[in-house]
Structures are given as C-alpha cells and as structure tokens.
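To begin, one chain is listed below as structure tokens, in the form predicted alone.
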C-alpha cells in the first residue's frame, strides 16, 4: 500500500497548532507562563486529534507532527517538563490518546526536526543542543506512536568524511528511543544519496529519499537506483519525500516548492511501492487530493 503523507499543516481545513515566542512567554511571571504553556500543549493535543481524523477522512495515510507541538519545550531558559505544568499528566494522556487514535485509523506519524538540528557540527554545544531536541521529540513520539525522526546530514565544514564521522559518533551515543527512530535524508545543497547511502548501510540508519533534492543536487545515481538502494536500508515501511519546483525545472530557483505536484515529477520507480510518500507541497491536503486522483487515474496507486 502506498501512503501519501501530509506535512504539519493544513491549507483549507481549520486546524491550527498554536505556538508562542520566547519573548512573549518570557514576559510572564513563572506561574502565568506555566499556565500559558500548559494551555498551548493541551490545545495542540486536541489539534493533533483533529488532524488525524481529518487525514483519515480524506485518504491521507501519514501525518508529520510539527516540531513545536510542545512550544518552547527545549528552550535554554524557558524549557520545561510536562509534569511541572498545570495538568501535565492529563496532557500526556491526551497525546497518548492521539497515538491510540492513529493506530485505530491506520495512520503513520513522523517527525522532521528543524534545520538547526545538527549532529555533524564541529561545536560540541550545538550537538548537545541537537541531541536534547531529538530526545524531546522521541519522548512525544513514544506517546503518539511515531516511528520516524528524520534529520539531514547537516554541514560538511570542508570535509564530508570528518563531518559524517561526527554524525556517527553522535548517533552511537543516542538513547534507544531516539536511535530506533532516527533516519537520514539527502538534501539539495550538501549531502546526496551517494554520500549518505553507504553511511546508512554501515550504521543501520534508514535513508529517506527526497527525489526533488536529488534532482537539484545530482550525484551520478539514477532515480531508479537510488530508490532501490534506499528501500534496502529500511527495516519497516520506507519513507520518501516528493515535491515539485515552484517555477519549474527551468526556473531560477529549482529548490523552492510548488503549491502542487507535477505528475511528471512522480518517479516511475515509485509506482506500486509499499511506501509512505510525504508530499511537500504548499497546498498541503489539497495537493495530496489532486495527486491521489492523478495517480489513481493512471493506476499507480
């Protein structure tokens, strides 16, 4: 079965995940701040349940959870533990209920931390901060049953081999909750599939194949071969990414994402696969609906 996955937000559906800024929260007295954060976490658990029901009702098989589902959770000055917030235990139960709902609906849940999450950094403090963020997302992933925390290789710092050696060192120190969910994705500026696939095989890290990134930063591997090698890294349902360039492949910036998917960008090698394909399109659920209809018309899904 091929799943089409939605990334974090909706276009037409009235489902919002509220956040706050450190500046705003920092102005509050501690008790008021804890109450505000508890309210945001509670609202996000309710929004996640809405999102799951909306996905199921619209034939969307996977949902990527926003990294700020618990706003400011790992902020160096304003971070918190759920048990320290008013009603924290009930908030955790609400997220666990979302996990049970996802299982009943047959939905897959994933995380994709922000770009500042770097395990390749030359600065140990940056790596330490990244690990803390991964541990937070793994904690929530445990509550809701998410099986993927997807990161990029990060920077090369002039030496890809040395940078990836730092990634390996960091990965080997991760807690099981993080390590068991961690996957690596190629990007459109530094690390290609040819760079990451040997690393993923050696360290038993599943590889998320982003075909748009690969087309922006080619490496000599064809899409079909990259697909084959990516599939072989997974010990569970593989996860791929699909998007189309905003101004087409002849435009000035092929990296920017279009509102919708051009069917010509759907790889022939992906037809009929049992995979999750996260659709990274600005029109969100509307783009997925159009793509699903086009794939169904071709008999590819």
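Residue numbers count along the first chain shown, from 1. Just so you know, these numbers come straight off a predicted model, no measurement behind them.
Beyond the structure shown, there is the form predicted together with the DNA, which is absent from this document and is the topic of what follows.
Screening 286, 13, 293, 19 for any heavy atom within 4.5 Å of the DNA in the model of the complex leaves a single hit, 19. Between the DNA and the residues 128, 84, 114, 202, the one pair within 4.5 Å by heavy atoms in the model of the complex involves 114. Contact annotation: residue 94 falls outside 4.5 Å of the DNA in the model of the complex, judged by heavy atom distances. Taking the partner from the other structure, the DNA in the model of the complex has a heavy atom within 4.5 Å of a heavy atom of residue 155. At the 4.5 Å threshold, heavy atoms of residue 190 reach the DNA in the model of the complex. In the model of the complex, at least one heavy atom of residue 256 sits within 4.5 Å of a heavy atom of the DNA. Judged by heavy atoms within 4.5 Å of the DNA in the model of the complex, the contact stretch among the candidates 220-228, 120-128, 98-106, 176-184 is 120-128.
When contacts are defined as a non-hydrogen atom within 4.5 Å, none of 3, 50 and 55 contacts the DNA in the model of the complex. Scanning 34-55 for heavy atoms within 4.5 Å of the DNA in the model of the complex gives just one residue, 36.
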